[in-house]
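There is one chain below, alone, in structure tokens, taken in the form predicted on its own.
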């Protein structure tokens, strides 16, 4: 009676504790209900055949074993003679057997190990041939040499790394290990002893799994060197020679644990793996590693910004993240593969958190110039999730929202910035175009959109830039819809009447405006986010005498945009195609850039021709029609080079345009210098 991969994994899972529900089993195994039922049947057959009690179920306890099986006994039963390899396991096994090439291999060898038919083995080998092509390797067969894999030695080495990692991330790996390395047990023990001594000297403790995996990887390295499969020199590894880890590897390679002569390149390769190996303890001080320290701070700050949370005990958090991030940094920098066996489960159980962490790590991708694989993202998700749980912050309790904006990072970013401040208890997942929202995969409860759209979620249609009273009304609407109540509605006009009864009012209009501003604005706190904003350009640095123009009129809205953008084109901060992109966007989506009566902020995406952050303003004496009911006299071109460097200036501009009196005054001013001074003077408040 044979066990297969699923039934063996199920037995190992139930060895540790009962599982109360089928849904829990689905989450923990990643299998469907039908697959689990089949695996239970298969496991019960195996248990009966080996004189054990079968898996039981009752409502109080769930699924459980009445007679726990000794784990070692279970492993012994799961040898290559009593275990049915899955298709994936056969692929990994055949791949490693051929790469390590200890003997000439034919179909007979693969049949002998797996007990499968010739046709099944040949089908597996055809699939493997396709797999090898992903790394530009070639699987070939000849009567003289049997099955061999040819190609670049470094690509082969990466394949071995990945396969070893896959084998040891599989809890049912005993049968594969037996097939591949049964005769190498003594050498494996010797390598482990050497690695444990290195742990002590470096003041680190590798995770048990990784120490085991590293031992087998170094064994494979020794085998490949003996076969003449040495690596070519890689100049990017030369800096590793100066590390303590390299010095340790030099000593390691001279011990009796290894049989081949290791070149400097091979020692650098081994050093890289020592540096990139996951650990549970690292006594090296974070402060001495400036590169890692700066990146860690940036990652944490970006996560706090996107999730709108404050992470506590920051120094302790950095220390714990450092233990994970130091090896991860080397893996990412040098492109080493890393298999995370619980990536799928993390994605399934914590989809929102994983999504936010993935977005957070985009800044790391830009720094390294390389993508961060999902397996690495999942590790970060686990760390951030654990820290949030430690401090009692639960993101999954929050309502989830998306923001839909037809185009451009400028307006959409100022909108989500405003919404995050207005609703700190809502988790904002993404800013999307209408088309992207239609295909969005993550679940969400609310949509804040600048246009009407079809959705099953709660929809709030909002203007691109919210005035003070609109913010207040929106908050009332959202609170009513979500929680069935609103906070007290204090009317500024009524308050003004009460004040007039007991005091003399010298300017009723300005007093009412001041009351509205205070009553409807959420309380402002100086946070590290606001301090961070202080480093970004202000409006006064972008709107200067060189970028402000006064024209009598424009023949059309297209010409108005072209004229408004002309100073930016001439200075080289935008290309001609950016002007065309702004016009194309309005023709496709309508006059959404008219953000308040009389004012338009045309913009497009950074990749459509922005060379650097810039802004320009055109004031027309005669309004130009952006649509039948959309006359515009102020055209402010926004050229954002990224997603957030323009936010501070845009917030100041928003504050300026929120006051109708400011717009009225800007239209009255006939001198360019005076207009610039008015803008600068009335946009300072936000930075104070």
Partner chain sequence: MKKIMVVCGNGLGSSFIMELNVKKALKEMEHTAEVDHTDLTSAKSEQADIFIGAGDIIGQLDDGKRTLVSLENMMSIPEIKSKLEPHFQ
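For clarity, a rigid core is taken as the largest C-alpha set superposing within 1.5 Å between two forms. All figures in this text were calculated on a predicted structure; none of them were measured in a lab. Residue numbers count along the first chain shown, from 1.
Although not depicted, the form predicted in complex with its partner chain is the subject of the following passage.
Undergrad: Only one of 327, 606, 230, 464 has a non-hydrogen atom within 4.5 angstroms of its partner chain in the model of the complex; which is it?
TA: When its partner chain is considered in the model of the complex, the option within 4.5 Å is 606.
Undergrad: Looking at 69, 657, 40, 634, which is the one with a non-hydrogen atom within 4.5 Å of its partner chain in the model of the complex?
TA: It is 657.
Undergrad: Within 4.5 Å of its partner chain in the model of the complex, counting heavy atoms only, one of 191-199, 597-605, 356-364, 298-306 shows up; tell me which.
TA: Contact criterion met by 597-605 only.
Undergrad: Though only this chain appears here, would residue 316 touch its partner chain in the model of the complex if you measure heavy atom gaps against 4.5 Å?
TA: Result no; residue 316 lies far from its partner chain in the model of the complex.
Undergrad: Hey, in the model of the complex, does residue 562 get a heavy atom within 4.5 angstroms of its partner chain?
TA: Residue 562: no, not in contact with its partner chain in the model of the complex.
Undergrad: In the model of the complex, does residue 590 come within 4.5 Å of its partner chain, counting heavy atoms only?
TA: Contact with its partner chain, yes.
Undergrad: Indicate whether its partner chain has at least one heavy atom within 4.5 Å of a heavy atom of residue 47 in the model of the complex.
TA: Heavy-atom contact with its partner chain at 4.5 Å: absent for residue 47.
Undergrad: Is residue 600 displaced by at least 2 Å at its C-alpha between this form and the one not shown when the rigid core is overlaid?
TA: It does shift by 2 Å or more.
Undergrad: Quick one: once the rigid core is lined up, does residue 427 have its C-alpha move by 2 Å or more between this form and the one not shown?
TA: Residue 427: C-alpha displaced by less than 2 Å between this form and the one not shown.
Undergrad: Rigid core superposed, CA of residue 663 - does it shift 2 Å or more between this form and the one not shown?
TA: Superposed on the core, residue 663 moves its C-alpha 2 Å or more between this form and the one not shown.
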